[in-house]
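Encoded as structure tokens, the following chain is the form predicted on its own, with no partner shown.
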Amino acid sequence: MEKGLQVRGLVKTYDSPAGKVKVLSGVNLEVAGGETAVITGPSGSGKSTLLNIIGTLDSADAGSVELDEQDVLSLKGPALYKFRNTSVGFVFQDHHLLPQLTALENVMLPSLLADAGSGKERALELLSEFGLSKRKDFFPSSLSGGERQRVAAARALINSPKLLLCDEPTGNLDEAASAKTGKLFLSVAKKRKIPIVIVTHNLELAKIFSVSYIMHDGKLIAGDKK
């Protein structure tokens, strides 16, 4: 697989009062463009750590991460900051929207940080795509939980990333909003041909994605592939 995400042999160990704890033990993962991979498993099994390393929010002790054949873990300084802001989109359980900004302004923000102009036109297009045109001037406090997560997803896509990482994106949503958000990610992957990796405890949600994995004892165990 030339395009997409390739993770090979990731190892991560943390120090604890009881000694060293190995969180990731040689994790391998491949997700092609347009494919959605979902990772389930118990709390503390290393799911979020894996996502953070792929997204360069954390470092690995060993192993490699490549995105469209680019060696991600070797990036440093300005190249790392640019990669993190433009090549990877993040969606978390807590939407992390700025309460003093409107939905439109929140979506536009990463484009300003990337010196890519205001991004207003693209932000409006994304809000329209996600059914939020009539909510563009609303502040987060006036949006429903599902709407806030769709704004967060739009924000994650404003710089046209090559990869989308989602950590418990429906954790705070009810069943109907979870299903709608899951279908949104499927649509995003198909339309933009980018890989999406989703961590979730929601086993019903996990069933709709392309390929599933279970994190157990620091390793990924392959599940179903559609």
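What you see is a predicted model, and the numbers here were worked out from it, not measured in a lab. In this text, residue numbers run from 1 along the sequence as written.
Same protein, other form: the form predicted in complex with a small molecule, not shown, and the subject of what follows.
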Discussion item. Going by heavy atom distances of 4.5 angstroms or less, which of Thr56, Asn159, Ser45, Ser178 would be at the interface with the small molecule in the predicted bound form?
Written reply: Ser45
Worksheet item: Using heavy atoms and a 4.5 Å limit, would one call Asp15 a contact residue for the small molecule in the predicted bound form?
Response: yes
Fill in: Any non-hydrogen atom of Val23 within 4.5 angstroms of the small molecule in the predicted bound form
yes
Worksheet entry | Contact flag, Lys190 vs the small molecule in the predicted bound form, heavy atom cut 4.5 Å | no
Practice prompt. May I ask you to check whether Lys183 falls inside a 4.5 Å heavy atom distance of the small molecule in the predicted bound form?
Written response: no
Discussion item. I need the one stretch from 170-178, 64-72, 47-55, 29-37 whose residues put non-hydrogen atoms within 4.5 angstroms of the small molecule in the predicted bound form.
Written reply: 47-55
